[in-house]
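Form predicted alone, single chain, as structure tokens, below.
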């Protein structure tokens, strides 16, 4: 199995990363938090880049790309802590509609005129949907109460996959914030990043993140290919990405010391998004059970002869 990302995929992700870094930094998050959490200009920028139509077939005005491409972009959305509902609409909702053969709305989605509130039995809420508003730990998420009994397994897998992709991006961003702070915060006459205890904690986070990334990309490829094992790969990705993000959030808070939990530290935006996505589209326990059942039940044999087949 060739799990290498192509130069075009990496270039696309870098382009989106650079764009979001210039248009969606911490100062923008603070502005959105203080004055509503949506900005039509930001949404239009995403539309102009073609991201709303990334997975929409060319016949409906989109780019016709695949889930691996979408997962890479979702990771960049996590890195930027993007407030707009791009991932839910374009990377979960669109392939969900395509799987059902529903194409009527796709041209409007690609053009940015329509967003797709997603309802599933595993979530007691709908993001960016109508209804009774409920409060999220993440101030950038607009949630409405939902009692929908839709149990579409493909939509669940898409939602969990893209949550995992965002979580690795969030973890990357939190690690960067912690490393940069460790360079400038001094104790005993030197930066705290010079102390082995800090180095080891940050290195542990970096390892967890790098181990989670290929698991997420593999899950995206498995789901794109329609493999029988796709659901298990998605659950593995959600567990690995959740663990990496939560570990990095906790470590970054500790590196920032007593300031870590305060509103004045930018870290809290990424930390809260990580907490929110950790429970979205299935908890860690739910996804770990799917992996356990597959491995212990023999549906997913383990070992190098199977893993790298």
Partner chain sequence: MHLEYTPEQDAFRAEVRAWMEAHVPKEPLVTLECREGYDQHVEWERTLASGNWGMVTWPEAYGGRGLDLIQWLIFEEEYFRAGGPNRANQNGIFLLGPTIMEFGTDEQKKRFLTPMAKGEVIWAQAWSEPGAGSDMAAISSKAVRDGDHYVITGQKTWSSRAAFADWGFGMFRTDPESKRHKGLTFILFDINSPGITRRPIRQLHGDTGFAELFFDEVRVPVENCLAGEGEGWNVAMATAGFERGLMLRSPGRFQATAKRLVDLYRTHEAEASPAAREAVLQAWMSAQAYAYNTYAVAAKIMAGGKIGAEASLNKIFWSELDRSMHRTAMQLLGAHAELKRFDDGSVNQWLEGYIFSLSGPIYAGSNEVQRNITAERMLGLPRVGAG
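Numbering follows the first chain given and starts at 1. As the structure is a computational prediction, the values presented were derived from the model and not from experiment.
There is another form of the same protein, the form predicted in complex with the partner chain; it is not shown, and what comes next is about it.
Engineer: Using a 4.5 Å heavy atom cut-off, which stretch among 126 to 134, 107 to 115, 75 to 83, 201 to 209 contacts the partner chain in the model of the complex?
Structural biologist: Checking each option against the 4.5 Å cut-off leaves 201 to 209.
Engineer: Considering non-hydrogen atoms and a 4.5 Å limit, which listed residue (97, 222, 140, 155) is close to the partner chain in the model of the complex?
Structural biologist: Partner contact (heavy atom, 4.5 Å) among the options: 222.
Engineer: Can you work out which of 175, 71, 160, 87 has a heavy atom no more than 4.5 Å from the partner chain in the model of the complex?
Structural biologist: Contact check passes for 175.
Engineer: Flag residue 291 as yes or no: does it have a non-hydrogen atom within 4.5 angstroms of any non-hydrogen atom of the partner chain in the model of the complex?
Structural biologist: It does: once the partner chain is placed as it appears in the model of the complex, residue 291 has a heavy atom within 4.5 Å of it.
Engineer: Can you tell me if residue 239 lies within 4.5 angstroms of the partner chain in the model of the complex, counting non-hydrogen atoms only?
Structural biologist: Judged by the heavy-atom cut-off of 4.5 Å, residue 239 is in contact with the partner chain in the model of the complex.
Engineer: Would residue 8 count as a contact of the partner chain in the model of the complex, using a 4.5 angstroms cut-off between non-hydrogen atoms?
Structural biologist: Contact check for residue 8: no, nothing within 4.5 Å of the partner chain in the model of the complex.
Engineer: Would you please decide whether residue 102 lies within 4.5 angstroms of the partner chain in the model of the complex, comparing each non-hydrogen atom pair?
Structural biologist: No - in the model of the complex, heavy atoms of residue 102 and the partner chain never come within 4.5 Å of each other.
Engineer: What residues of 174 to 193, in sequence order, lie within 4.5 Å of the partner chain in the model of the complex by heavy atom?
Structural biologist: Heavy-atom contacts to the partner chain in the model of the complex: 175, 179, 182, 183, 190, 191, 193.
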